[in-house]
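Laid out below as structure tokens are two forms of one and the same protein chain, each shown alone and named structure 1 and structure 2.
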Structure 1
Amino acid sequence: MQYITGFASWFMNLFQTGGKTFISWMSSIVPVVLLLLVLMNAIIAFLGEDRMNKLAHASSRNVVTRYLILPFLSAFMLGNPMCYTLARFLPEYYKPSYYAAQAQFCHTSNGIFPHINPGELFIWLGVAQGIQKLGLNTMDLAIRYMFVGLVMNFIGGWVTDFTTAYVCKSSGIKLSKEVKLTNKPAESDEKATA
């Protein structure tokens, strides 16, 4: 009988420990994330997608805007996974590189702006909850996460330009580096009617 009682209380203890963790998150993390989401959703609704599309057009020309500024803003404005759609204005050759940078921006900025990728928040939060438990400020970590991300994601995008060149060479496929001018009016037309 003693063993059964012992086992039962051990078993229930698993859920009580988990429950305590859950409630501490519900009272500390959820309200902050929720209110931040409200504000971010509102800002995004006010600014609108049109402006982002214009920016995407303008950013396709050089490396810095292409793999640093555009993916950062795109993650902030559109979140995962809609942020990828802005790359439709880029030349085909640069699309894989943009993807490489963009996917990482969906995480590195997520510490400060959890609205970007709420579905995968625990990449950040899993580690950050340990910091929180120690009573330290997670914002210090979040800011460094974002800045290291800014630099390394940009480099990641740039490096992909070279791996794309390598894959193109070894497979014999050629991708255009030119912005398709014929595509442009069609796109903007579609937007105007949208």
Structure 2
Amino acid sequence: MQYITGFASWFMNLFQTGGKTFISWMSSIVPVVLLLLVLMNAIIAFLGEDRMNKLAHASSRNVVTRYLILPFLSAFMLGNPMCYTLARFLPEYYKPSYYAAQAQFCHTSNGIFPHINPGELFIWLGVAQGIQKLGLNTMDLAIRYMFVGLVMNFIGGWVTDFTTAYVCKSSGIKLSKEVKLTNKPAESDEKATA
């Protein structure tokens, strides 16, 4: 009977801990993500989708801006998972590669910029604890990890370009290399203005 009650206590404690974590997220992470979403939409509305399209088109022309600079800036400013939303402004052909570079960068920058991927901070903290026990500086490791990550993420994005080209060719699918966003109002909006 002692094992059953122990298991029941552990099981309930698991959900109580989950509830406490959820409440802590509601007062920390969730508002930040929502405000970042509002900020991004405000910037897009302020600049206009045409300018954002031009910026994305300019970024998509160059492999360095596409898989090195754009993922770094979007991860730093928007964090995970909001950083993926900038792919909206890239041509369809480059979206898989952007995602590959972006997904990796959210992990490799966590040591220096923990706000980028707070959900996986425990991984970095575990590594950092081992480094500290060895008497080494965790910031040195974090900087090296980020720089190696930037290079590898760039290579990963670029290699995905070749993979995308191969898959498109072998399947006969043609993805656009031009940004195509429609700015059409919803049907209900058209009726309301009529």
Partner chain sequence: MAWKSVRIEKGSGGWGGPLFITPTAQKHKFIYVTGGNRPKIVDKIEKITGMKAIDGFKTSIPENETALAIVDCGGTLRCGLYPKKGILTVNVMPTGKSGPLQQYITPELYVSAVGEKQVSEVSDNAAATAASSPAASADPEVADADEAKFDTTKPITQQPNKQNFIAKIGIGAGKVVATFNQAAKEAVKTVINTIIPFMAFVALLIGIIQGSGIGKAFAKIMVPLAGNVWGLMILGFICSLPFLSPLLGPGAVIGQIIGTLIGVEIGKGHISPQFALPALFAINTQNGADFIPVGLGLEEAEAKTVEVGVPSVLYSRFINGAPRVFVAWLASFGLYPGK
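These figures come from a predicted structure and were not determined experimentally. The term rigid core refers to the most C-alpha atoms you can superpose between the two forms while keeping them within 1.5 Å. Residue indices: 1-based, along structure 1.
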Of these two copies of the chain, point out the form predicted together with the partner chain. 1
Core-aligned CA displacement of M146 at least 2 Å between the two structures: no
For I69, state whether the C-alpha moves by 2 Å or more between the two structures after rigid core superposition. no
A45 C-alpha relocation of at least 2 Å between the two structures, rigid core basis: yes
